[in-house]
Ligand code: VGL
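What follows is a single chain, given as structure tokens, in the form predicted alone.
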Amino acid sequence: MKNKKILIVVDVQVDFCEGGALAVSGSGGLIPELNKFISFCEKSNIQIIFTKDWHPVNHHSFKSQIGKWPPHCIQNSVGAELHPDLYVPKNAFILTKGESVHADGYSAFENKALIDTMGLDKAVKVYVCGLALDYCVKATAIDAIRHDFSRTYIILDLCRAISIDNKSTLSLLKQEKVAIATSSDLMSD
């Protein structure tokens, strides 16, 4: 278990990709790079977990409910599905989050099944990437640290953010002891 690695691919869903309801800039160019890394992880027997926002139609974060976001990733909608160009291996886990009206769903750890899926050995290395760096990716990585997965890394080149300037996001991640890495660092590890 000491060398166990887990990749969490956060919210690469239709609504967060170009043309979607809450599209993250540069998301289209991210998918081919993600696919290469996911394939590498699959060949390296790294456990892969995909997350999806899975909101009810009246989710509190929607502007129609006095929230800050347009409706997105509504349960059972096309926009809530993982992007069709994203490579999802057959043995990957898919977890949903933000399923109740009042659950933000930023962190994958909101779904209690994540801990069970990852196992209880805190020696595991957790790699987090996807959309969006400044929200769900950040929250997932920080929660990994707070759940005592002290070897948690953001794969920076495999993330895209809503904000143009992410200095404060990166500063907070470092403050929370989340390591910053690149996919090439991990592929040579």
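The first residue of the sequence shown is number 1, and the count goes up from there. Just so we're clear, the structure is a prediction, and the values are computed from it rather than from any experiment.
The discussion below concerns the form predicted together with ligand VGL, not included here.
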Per-stretch contact check against ligand VGL in the predicted complex, the hit in 26 to 34, 132 to 140, 145 to 153, 39 to 47 (non-hydrogen atom, 4.5 angstroms): 132 to 140
Heavy atom of His83 within 4.5 Å of ligand VGL in the predicted complex: no
Partner proximity in the predicted complex: Leu22 to ligand VGL, non-hydrogen atom cutoff 4.5 Å: yes
Contact label in the predicted complex: Asp11 to ligand VGL, heavy atom within 4.5 Å: yes
Ile162 within 4.5 Å of ligand VGL in the predicted complex, heavy atoms: yes
Ligand VGL in the predicted complex - contacting residues of 35 to 59, heavy atom within 4.5 Å: Asp53, His55
